[in-house]
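Shown below, as structure tokens, is a lone chain in the form predicted alone; questions about how it binds or moves come after it.
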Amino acid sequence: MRYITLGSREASVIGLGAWQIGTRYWGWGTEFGPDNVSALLEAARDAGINLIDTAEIYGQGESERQLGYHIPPDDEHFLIASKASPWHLTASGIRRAADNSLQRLQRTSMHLYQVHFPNIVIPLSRTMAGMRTLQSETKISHVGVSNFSLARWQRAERALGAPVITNQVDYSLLRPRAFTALRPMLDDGHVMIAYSPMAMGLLSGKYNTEQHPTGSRLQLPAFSGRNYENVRRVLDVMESIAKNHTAMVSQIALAWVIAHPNVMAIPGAKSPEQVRQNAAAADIQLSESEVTALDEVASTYKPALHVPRPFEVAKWLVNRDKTCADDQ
């Protein structure tokens, strides 16, 4: 495992995303459940993974509850990162949200606390005032954001008056623009955390026009039959590179993400074997020519046309680089 500085600690470049824990969307209660969480965490520990990322919204708090049950409060291996929902971003709201998360996690503090999604109605000054209080009370060590544009990330740091050390964004070979957009902020004190680094499984190599994922992912436009042809062009390049490394396609997807400086990935996993496979991607050293080939095919990917859902429209609106006086 390789490690990257994350505030006051070193964190594994491959972490464990915990969205799937407690979330029926990912098969919780049907494909895996509470009895499997301990094995996932032990596999992560054995593989050198020490960052666990969760959120109050995951499984309506069940993800945090499960982690709290399975990770002792005095465990010094795992770094816990959680996130506050966009409707809890007032100064008092974010403090209550953090207290509730810590109660579910059965901890007195967490390493990283993040704004899950920006709320353009609530000024960043109010949100960061709450974060400052949480830091002064030693309930959180570091502050991060998620789904923020470069300009909004910079404004968040000015509002906090201290480093906002992470920005967690959707980043993969099918969504390759985030690194370039955020690069001016990335340095030894600021890290980009890539969620969905395998594009929710599209880049795992498991799915095609005949083989489909189970659950709600079938409703996503990216998993439509007409989009697989577009994904196929990316997978062809990945498969060729995977053969050079005797690796899995999914591992090449992760290796490309973490080949970028000051970037880490937090893939999810539902079995210990998936945890181990994800962790092994940290040992793959892609050549410059391989990274270039992946960059080039990623830049040509265009998803099949679809009518955006309301949530997608809202996400696009809040991620625009708009300067808002309330955010100063």
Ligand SMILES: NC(=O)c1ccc[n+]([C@@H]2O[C@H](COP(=O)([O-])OP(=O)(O)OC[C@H]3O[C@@H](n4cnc5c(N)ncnc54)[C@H](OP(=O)(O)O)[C@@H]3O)[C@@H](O)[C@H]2O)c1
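Heads up: residue numbers just count along the shown sequence, starting at 1. Predicted model, so just to flag it, every value in this text is computed and none were measured.
Keep in mind the form predicted in complex with the ligand is missing from the figure; the text below concerns it.
Trainee: Looking at the partner-bound form in the predicted complex, is K270 within 4.5 Å of the ligand by any heavy atom?
Mentor: Yes, K270 is a contact residue.
Trainee: Spell out, yes or no, whether the shortest heavy atom distance between N36 and the ligand in the predicted complex is within 4.5 Å.
Mentor: N36: no, not in contact with the ligand in the predicted complex.
Trainee: Check L41 for me: does it contact the ligand in the predicted complex (non-hydrogen atoms, 4.5 angstroms)?
Mentor: The answer is no: L41 has no heavy atom within 4.5 Å of the ligand.
Trainee: Please run the contact check for G93 against the ligand in the predicted complex: heavy atoms, 4.5 angstroms, yes or no?
Mentor: G93 lies outside the contact set for the ligand.
Trainee: Heavy atoms within 4.5 Å of the ligand in the predicted complex: which of the stretches 274-282, 288-296, 64-72, 41-49 has them?
Mentor: Every other range fails; the passing one is 274-282.
Trainee: Check for me whether the ligand, as it appears in the predicted complex, comes within 4.5 angstroms of all of S109, G130 and L134 - heavy atoms only.
Mentor: No residue of the spot touches the ligand in the predicted complex.
Trainee: Sort through A199, A159, L150, I120 and report the residue having a heavy atom within 4.5 Å of the ligand in the predicted complex.
Mentor: So the residue touching the ligand in the predicted complex, by this definition, is A199.
Trainee: Since the partner is left out here, which residues of 140-170 would have a heavy atom within 4.5 Å of the ligand in the predicted complex?
Mentor: Sequence-ordered list: S146, N147, Q168.
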